[in-house]
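A single chain, nothing else alongside it, follows as structure tokens in the form predicted alone.
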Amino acid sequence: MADKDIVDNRRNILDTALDLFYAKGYEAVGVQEIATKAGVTKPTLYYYFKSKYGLLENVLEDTIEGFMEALMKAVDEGKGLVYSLETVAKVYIEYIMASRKNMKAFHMFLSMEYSPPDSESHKAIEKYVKDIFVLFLNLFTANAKELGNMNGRQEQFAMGYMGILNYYLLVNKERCDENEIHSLVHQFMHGIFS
């Protein structure tokens, strides 16, 4: 098998798995269904990914890693809380809205956050959920002096901000402009200072 065929097969299986996990949920999709829809045999799928869980890990790496890298770059700006929140919101929202694939991965990821804690899907995303949360927590902790009333509520602020961004993406299907991002951050900051 040529290298191009290997890459094409692997990409095809990843894309098919993402589509099915998005449409039906990880637990509801079987390996045979993925293989059939991808036009490969089960042994081929197992050759590339070893297991259904291994396939899920690869789907997450393929779709979430770039998002994590973009977020880390945005958080490292260090130009004050409001600027950082706007920069992070812009990257968060624009990255996910940039393609249908990213949007599917986002919805799949969110649904897995609500799966039972001992399920395979929840275990697969746990690392990413923690990494994203720590990123936001560090943002608020680093800017604690700007918020005189933080009083150790950095975790609450981090959860609240993540929630606002996630909910915005769930209800907004169009592109987001600078004014909307500014308004979103302003409303969040108003809640902190009230």
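Numbering starts at 1 and runs along the sequence shown. All figures in this text were calculated on a predicted structure; none of them were measured in a lab. We call the rigid core whatever largest set of C-alpha positions still superposes within 1.5 Å between the two forms.
Only in words, not in the display: the form predicted in complex with a further copy of the same chain, which the text now covers.
The shortest heavy atom separation between residue 72 and a further copy of the same chain in the predicted complex exceeds 4.5 Å.
Contact check for residue 184: a non-hydrogen atom falls within 4.5 Å of a further copy of the same chain in the predicted complex.
Contact check for residue 126: no non-hydrogen atom falls within 4.5 Å of a further copy of the same chain in the predicted complex. The closest heavy atom approach of residue 15 to a further copy of the same chain in the predicted complex falls outside 4.5 Å. For the options 162, 135, 35, 60, the residue carrying a heavy atom within 4.5 angstroms of a further copy of the same chain in the predicted complex is 162.
Residues 110, 111, 113, 114, 115, 116, 117, 118, 119 of 105-121 are found to place at least one heavy atom within 4.5 Å of a further copy of the same chain in the predicted complex. Superposition of the core reveals a Cα shift of 2 Å or more for residue 181 between the shown form and the other one.
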